[in-house]
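Just one chain follows, in the form predicted on its own, and it is written as structure tokens.
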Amino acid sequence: MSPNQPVDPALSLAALLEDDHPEKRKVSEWARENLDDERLFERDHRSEFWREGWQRCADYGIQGLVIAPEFGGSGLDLITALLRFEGLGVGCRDAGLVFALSSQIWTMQMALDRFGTDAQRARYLPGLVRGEQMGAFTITEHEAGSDAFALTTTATPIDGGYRLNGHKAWVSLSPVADVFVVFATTDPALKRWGITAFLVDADNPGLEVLPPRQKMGMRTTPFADVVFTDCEVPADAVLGNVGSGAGIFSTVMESERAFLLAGSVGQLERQITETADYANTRQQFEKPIGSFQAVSHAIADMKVGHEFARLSLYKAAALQAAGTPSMMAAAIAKLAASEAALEGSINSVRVHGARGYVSEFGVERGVRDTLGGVIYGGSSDIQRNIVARLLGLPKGE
């Protein structure tokens, strides 16, 4: 897969030092011109996914950033791909669309591309890259969230394949997905060593996507539960090997932690610029509100959070591209980006005042969209647990 391609150290350094790197800037400019949807306020209110925007991104090459050319992708190295995805976040105001893309690219496609057979990749990747198909990553259950391996969905061996039964929860893209990566246990007695991953088509008998759930933010990312009732799949639906599901999940999650919020880092950059512009033009007491220390410090804090998030993102990327252990760096990147995005959104509302609180200007949407970032992909507390364990601190009860 392309993220394993060698990365020029000069590129890694440039990504850290050049906030306006050309790879990032060209995508942000494209996104401003092509993804500025005048119906965003309405779609957010109605929880509508923008399929046309998804297809525009596919035509531009977003879904294929890190997929090899033989499957229709661009075959980019990881640093270049992240610069482009960060630029997408800068230029696209639809945080739900950016998150949906991130979810497919860094979880579902990552699992398929790294662990799929040649036949599986040839079957699914070209359609995913072209935007003709969409994929979802399906592991979480109502009683298996942070404790991901406590899942109860089963895969019972049958003649020629497996029969899946279980209930998956909070599955991003499930209402529009054409194929699912599904984690189930083939032997509960083996616990995590009995978990296997499967590729299951959405039209497979026994697979049911429940009605979309309404949620606080990321409303333009469709989101629902998925139920499996005697859902039979052939043996060649196994992704990787039988019993390797926990390893696949752990590998993919390390990339997801590090890169899932690359778009949010870009969105925070745009937010800082717009908040500073407002503070320079909004007059109170016959002077710009940006001249007041409380306002200027709030915006300065947004920039500090953004800077640390960017540095953490590209450090984790450089380590992964070099094949160096990156578990702590990935956890820090996820923690830094999610917390900075949320705090920055809150500060932006405070600076904008009533204009920030009402919905029509889109400022308050930032708070609703970023709050989920401290939960999905492993909560902030889970990331802190990872860092603490890697520092050698004792495991709590």
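From a predicted model like this one, the values you see are computed outputs, not experimental measurements. Start at 1 with the first residue shown and count on from there.
Below, we refer to the form predicted together with a small molecule, which is not included among the displayed structures.
In summary, among the residues L239, V171, I289, V179, the only one with a non-hydrogen atom within 4.5 Å of the small molecule in the model of the complex is V171. Though the small molecule is absent from this view, in the model of the complex it lies within 4.5 Å of a heavy atom of just one residue from T185, T138, Q267, Q109, which is T138. The closest heavy atom approach of D20 to the small molecule in the model of the complex falls outside 4.5 Å.
Within this chain, I382 lines the site of the small molecule in the model of the complex, having a heavy atom no more than 4.5 Å away. Using a 4.5 angstroms threshold between heavy atoms, I375 counts as touching the small molecule in the model of the complex. Of the heavy atoms in F259, none are within 4.5 Å of the small molecule in the model of the complex. Stretch 171 to 179 is the answer when you ask which of 171 to 179, 112 to 120, 206 to 214, 281 to 289 has residues with heavy atoms within 4.5 Å of the small molecule in the model of the complex.
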